[in-house]
Each structure stands twice: as C-alpha cells, then as structure tokens.
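Only one chain is shown below, in structure tokens, and it's the form predicted on its own.
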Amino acid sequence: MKNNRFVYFVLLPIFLLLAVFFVLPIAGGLAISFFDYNPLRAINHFIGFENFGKLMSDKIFLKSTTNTLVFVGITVTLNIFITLVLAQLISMLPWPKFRSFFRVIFFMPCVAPLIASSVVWGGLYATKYGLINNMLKTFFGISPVNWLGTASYVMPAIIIFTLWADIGYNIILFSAGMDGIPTDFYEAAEIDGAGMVKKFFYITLPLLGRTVSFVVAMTIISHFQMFAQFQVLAKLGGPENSGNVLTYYIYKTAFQTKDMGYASAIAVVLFVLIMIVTIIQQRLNRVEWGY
C-alpha cells in the first residue's frame, strides 16, 4: 500500500501536466464547438450541434477532408516503403562510418524548420526559373509546369516535398530497430542458404513488427497534423482548394474569419478521424511476441 502511495505521489506532477496541457485544451475545444463563438464579441450564444450540422453541407470542408485523407494515405504509404528500403540498404553497408554518414545525410532535412524548407521548395517549384522545371526541360525536354498554380499538380508537389522533409526520422527509427535484431537469426538463415531478399521478408520485417507499428502510428498522426507546407506552397488553399486540408481550414476559419466555434467543430472531427485511423492501425499491426 505504501509503495502504491509513493508511486501515485511521484506520478502526480505528470498527471497534472497532462490534465492542464492535454485534457483541458481538448475539453475546451469541444465546449467551444457548441457555441457561435467569436472572441471579438462580448456575448457568444450556445447553439448545440449546429456547427456540426453545417459541416455536411460545407463543400470546402468536404474537399479539405478528402485532400487530407489522400495526402495522409499516399505520403504514409510511400514514407514507410521508402524508409524501410533505405534503412535496410544503409544497415547492409559494411563500414559503420558510412552507415552514420548516410543516416546524417537523410536526417538533415528534419533539422531544418518546415516553414523555411517550404519557402525554399516554393522557389524550386517556380514556373519560370525553378530548378525542377529547368532540370525537366534540360534532361527530358518537358515544358515548364506550373506546379503550385495548377489544381492537379499542387498535391503531388506537396507530397514530394513532404517525403523529402520527413523520411529522415523514420530511417533512424527503422535503423535502430534493425540493429536490435539478434544476428543469430541471420547466421542461421545463411546456413540454410537464404538470400538477401528472403532474409528481409522472413526475418527483418517480422522481427521489426513493433518498430513498424510505432512508426506507422506516429507517421499517421503527424501527417494528419501537417500545416506549414500547405500554408506556404498552397497559398489560400491553392487553385480550386486543391491544397486545402483540415489543419489549414481550421486555421483559416479560426483566425481569419474569427469563427472559432465552427473551427473547433472541424478540429473535433479531425481529432476523431485521427483517433479512428490510429485505433484501426493499432488493431491491424498488433504484435504479441518477443525475442
């Protein structure tokens, strides 16, 4: 009993921090979503579920939700595939210094502020003097593309940038997971004549299950919350709202139109969306083994 009291006493500050900085803001946002709330008004009326009812007839909200799901689905899938392959290739290098060198190279974009990287990539995507268009014209003879001014190109351009900016974290995590796999398994597989591909699919990938589950969950959550690149590269949501996602729509509704009640309702929907996707992902990637 005394030990339990000591544990509760030690954990109390953590619970207080969680309550103040996580639980209360979520509860506050949920409460505001039931009001016609504008911080510049003296009186804000309670309107119940009216904000949530408006969402189904809001074409920009529906477009933003679709864009968000497309963005998260494509970037998370490509991110996990690319980082797994790169982490495996790096781990196969025989010299530790080479492995460290490539991990640092891939991690460098993660160190730079996302907003600054977005500004730089906005220049690379420029139609007239952008590096990407110049390279396409020089090597493939392709005419300049208006990457950020054409509805069908905005999302692919942002996805390419996001992959460049974000793969470093997952390469480090997958590399750490691969380094933790006991070498006994690989030695036994080599004796049985297994090649590189078989060792990856029958040893590395199954034994990396917990790391994969964690990385997929964190990548999904972080990509649902991405905002900076949409703010910079898809100005005002992009042409025909092609670059409008839920995070940007929440920002625009809350701080430009000052309709914080409606913005809170959108935020609640985003929160529920992230929670549902994360729960499904955790169920599908449940790992119940150890080594």
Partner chain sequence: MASNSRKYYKLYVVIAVILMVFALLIIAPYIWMMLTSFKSTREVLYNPGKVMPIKWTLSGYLTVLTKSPFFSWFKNSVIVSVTVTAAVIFTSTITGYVFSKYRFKGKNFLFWLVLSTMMVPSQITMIPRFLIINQVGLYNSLQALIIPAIVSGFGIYLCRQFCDEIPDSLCEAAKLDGAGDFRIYASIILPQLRPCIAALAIFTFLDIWNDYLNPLIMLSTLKSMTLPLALTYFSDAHSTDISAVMAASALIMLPVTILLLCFQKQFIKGVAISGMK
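We call the rigid core whatever largest set of C-alpha positions still superposes within 1.5 Å between the two forms. Numbering follows the first chain given and starts at 1. Predicted, not measured: the structure shown is a model, and the values here were computed from it.
Below, we refer to the form predicted together with the partner chain, which is not included among the displayed structures.
Proximity to the partner chain in the predicted complex, defined as a heavy atom within 4.5 Å, singles out one entry of I142, A151, A188, A116, which is A116. Although the partner is absent here, N44 sits far enough away that none of its heavy atoms falls within 4.5 Å of the partner chain in the predicted complex. The shortest heavy atom separation between G28 and the partner chain in the predicted complex is within 4.5 Å. Taking non-hydrogen atoms only, S213 never approaches the partner chain to within 4.5 angstroms in the predicted complex. Not displayed here, the partner chain is approached by W121 to within 4.5 Å at the level of heavy atoms in the predicted complex. For the partner-free chain shown, Q225, F227, A228, Q231, V232, K235 of 218-241 come within 4.5 angstroms of the partner chain in the predicted complex, judged by any non-hydrogen atom. With the core held fixed between this form and the one not shown, V268 has its Cα displaced by under 2 Å.
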